[in-house]
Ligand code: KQY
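What follows is a single chain, given as structure tokens, in the form predicted on its own.
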């Protein structure tokens, strides 16, 4: 068992660095469950392979895979991608894996949040989730990293930091009764400060429309540099996303970061809107305890759900009508990064996107 500390990262001088900091590598989990990924997860496995291959051109990638899928994954993935056997319930390592924290001495530790499959028995997306709840601890064990174990339910996709003391979250997710019903907003803020090393929290209201994670931050707005935020957007006044993005824009326009800087906001027009097709829904098995997929479901599609690796943004390719626009806008936002578009509809059909299936392990950084 990874050694679990009784202190907090803030007490020990640790904080969560920005995603654009140097990475030691990226963690992923191989998809296989047929009640979430259509056609026995084969299309999703192709998409995950394309994402892993794109990232591996810039930094090391580790893919966690079940014993039953080990040979299949090894055949599909480049030899440069390291495989490790690990049992899990599904493939969302952003949410069930550890959030890494670092200190000025280049030490890396992990924060292993409690995980309840985005809502627990009443509103969660699948049951059981016991193996997913062990993923963070297993990763830290493999890396021989010290472990913090906060007494709260939280997913990595619900938090977004700038590495300089600022955190963005949504009220829809973090204040949802299906996560920590006994904790007040003030208690949740205290835990975020203790375990992420932040001093300023910017609360947005809702996440992307119809996002089954209850409005994760990483699908709505992201830091790409100190004082610079990208925000998913639509100009269609009739689209339910319009008011959500307008509200987020107003909140961000009035906010300052931990250093008192006003935020530069870059709008990234959403794809679509996109909907699940009948044949896509029909390919998903129906099993008790799992949220069913249905034809015509509005997909929570967003280009903001990209992954920042060493030297590149790995961006979901979702809609020929907006893909090029998104790439150009993200290049403007991140001029020092390559923009690598990867077909990602199959990941979206499973309920998330590229950022949701990746988790960065940072190098230590200088204060």
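Residue numbers count along the first chain shown, from 1. Please read these numbers as outputs of a predicted model, since none were measured by experiment.
The same protein also exists as the form predicted in complex with ligand KQY; that form is not shown, yet it is the one meant from here on.
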* Is ligand KQY in the predicted complex near all of 36, 95 and 351, within 4.5 Å of a heavy atom of each? -> yes
* Asked: Heavy atom within 4.5 Å of ligand KQY in the predicted complex: which of 270, 88, 213, 170?
  -> 213
* Structure fact -> Picking from 148, 100, 118, 223, the single residue whose non-hydrogen atoms come within 4.5 angstroms of ligand KQY in the predicted complex is 118
* For residue 344, is any heavy atom within 4.5 Å of ligand KQY in the predicted complex, or not? -> no
* Answer yes if any heavy atom of residue 293 is within 4.5 Å of a heavy atom of ligand KQY in the predicted complex; otherwise answer no. => yes
* Do residue 258 and ligand KQY come within 4.5 Å of each other in the predicted complex, heavy atoms counted? -> no
* Using the partner position in the predicted complex, report whether residue 356 sits within 4.5 Å of ligand KQY, counting heavy atoms only. => yes
* Answer range among 205 to 213, 159 to 167, 224 to 232, 75 to 83 for contact with ligand KQY, defined in the predicted complex as heavy atoms within 4.5 Å -> 205 to 213
